[in-house]
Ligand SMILES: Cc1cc2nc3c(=O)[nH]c(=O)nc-3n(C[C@H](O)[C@H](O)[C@H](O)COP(=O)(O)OP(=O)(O)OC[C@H]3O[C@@H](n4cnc5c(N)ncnc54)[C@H](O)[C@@H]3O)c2cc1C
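Form predicted alone, single chain, as structure tokens, below.
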């Protein structure tokens, strides 16, 4: 392999240059945040340039963009462009085993919606915006192979030529996902806390194409869910009339991916458990056999920085499972919060990264817990009458009591920090329980008096 040496300009301590490892969603947004503030940025991404169209299929999971992510995009002027590629989903459409459907709105406000957008479309918008900025340089097909923490340098190998490239920035931002090379280097420092936990479930993507006239085969403004207790399938709409379907199943067992091997196995299983979807999925068998099974991991670590030189954002800092629809929103919120702290405290980047880590770490942990809990809710409870009654009660309390806001609303349709939303929800639940107890007590007293 050859080594390309880039001779950097002399560093300016008041205006350092940034090297971002990872040109996905959080990295792409943060490059735009930094460039807007006038910083020089180099962005390295192991995958091909989105402009080439060489985008790997089968592992994306459509994204659910909501208030937090839109707020961050709006601050760099990209929200309107991104939303052109999105479809609003105003609630869940629950599909029973018999094919009956029940719509569950997300909010009392009919305008509240989460937005289905493909990862590829969102990434293209972010990268093209960064490409248009003169102070951003982009490097694709470059895989991070090493990070020198002492020298604050990242080293990359070009996937096609084998050429080595070294970063030239004064600060390294790790935005390279759940299996971050930057975080991997930080894990070798003392002290550094790190944990990862996998679900016993994985995921596989399938496609539901548009009808012959180009329309959606199902209600487009809904997140479709087929809850089946220990497993489920979901479908998110795309602007071209298709749906991206995702199976969240155990790896093994009677409802596991490994069980379905032949065409007959696949068709028979879907006919039994997802019968109403099958007529709309003409390439079901081909998709199932071709697309890989992905894993679902939660990552927690601390601290999210080293001095004023290296910091983590997005999944590199707090990978979560996708069941609250907050993965991209949490990552974009990292960018927005870090950008705001920089405007307040830069060029003291030690103080910047310490404040950022202290601010965001509790909320990263909170949304990780919520995402796992919501998996159980979507999979096991969403189709039950008890769950529907609970949601009706939440909407009733939300409509009658100005002080009451459901947890889902706080997480999805506000910018209330995640841990603060959880604490407020717990206080509300205690107050509702006390009030319900008092009402029951009064009713018992009344019944006792009338029985005399």
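Everything numeric in this text was worked out from a predicted model, so none of it was measured. Residue numbers count along the first chain shown, from 1.
This protein has a second form, the form predicted together with this ligand, left out of what is shown; the following refers to that one.
- The partner is not drawn, yet in the predicted bound form one stretch among 169-177, 193-201, 77-85, 350-358 has residues with heavy atoms inside 4.5 Å of this ligand: 169-177.
- In summary, among the residues 91, 256, 308, 322, the only one with a non-hydrogen atom within 4.5 Å of this ligand in the predicted bound form is 322.
- Checked against this ligand in the predicted bound form, the residues 143, 211, 108, 273 give one hit for a heavy atom within 4.5 Å, which is 143.
- Put simply, residue 34 is far from this ligand in the predicted bound form: not one heavy atom of it is within 4.5 Å.
- In the predicted bound form, this ligand sits within 4.5 Å of a heavy atom belonging to residue 327.
- Contact annotation for residue 315: at least one heavy atom lies within 4.5 Å of this ligand in the predicted bound form.
- This ligand is not drawn, but in the predicted bound form it has a heavy atom within 4.5 Å of residue 63.
- Scanning 18-39 for heavy atoms within 4.5 Å of this ligand in the predicted bound form gives 21, 22, 23, 24, 25, 26, 27 in sequence order.
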